[in-house]
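In structure tokens, one chain follows: the form predicted on its own.
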């Protein structure tokens, strides 16, 4: 099933909200309440959630636990994804220490760098290996996803080493360089500067209307 990217982005928002509500002990919630909390129309919420099968009841709403499990299954594989982080500079260290990357759905199993002061040590509780050892380590640990936070000029070489493992299926890249990968490897780029430029454009447009 092909799903539009905006729908996936909203599903991630639903999942985060439902996780919070579940932790707070909330048992039932309506599409209207979800919409108000996330700044969405209730009709959009109902459409998104019914797209993957009916889970709520008219006049009753959604059971938080059931809906949380439902959205969780939509978003990810039932197994825990193993992740490798390549490049332990400032951005890499910040991501490694961020609580959002500690989940029951995925976990960072290894980090890679070329700095001799980092290789062979534990960083945020995760072992650091040399980039040259990536093919072997990724295969041994069955790591299927890598997060790339290396400089642009080192990105393709790092990706080539990751792909050589034969197990990598997805790459989340913070590098600004275009990447060449086999057709069976999915690359998702995160360009912070581009997102900032878009924000500035919309801010400029809204200011010009005042």
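We call the rigid core whatever largest set of C-alpha positions still superposes within 1.5 Å between the two forms. Nothing here was measured: the structure is a model prediction, and the numbers come from that model. Positions refer to the first chain, counted from 1.
The form predicted together with another copy of the chain is left out here; the points below concern that form.
Note on the partner interface in the predicted bound form: the residue among 49, 155, 163, 145 having a heavy atom within 4.5 angstroms of another copy of the chain is 145.
This chain appears without its partner; in the predicted bound form, the one residue of 172, 42, 28, 181 with a heavy atom within 4.5 Å of another copy of the chain is 172. Looking at residue 105, you'd find a heavy atom of it within 4.5 angstroms of another copy of the chain in the predicted bound form. Although the partner is absent from this view, residue 94 contacts another copy of the chain in the predicted bound form, with a non-hydrogen atom inside 4.5 angstroms. Contact check for residue 88: every heavy atom lies farther than 4.5 Å from another copy of the chain in the predicted bound form. When contacts are judged by a 4.5 Å heavy atom cut-off, residue 23 does not count as touching another copy of the chain in the predicted bound form. Once the cores line up, the CA of residue 200 ends up 2 angstroms or more apart between this form and the one not shown.
The Cα shift for residue 11 between this form and the one not shown, taken after rigid core superposition, is smaller than 2 angstroms.
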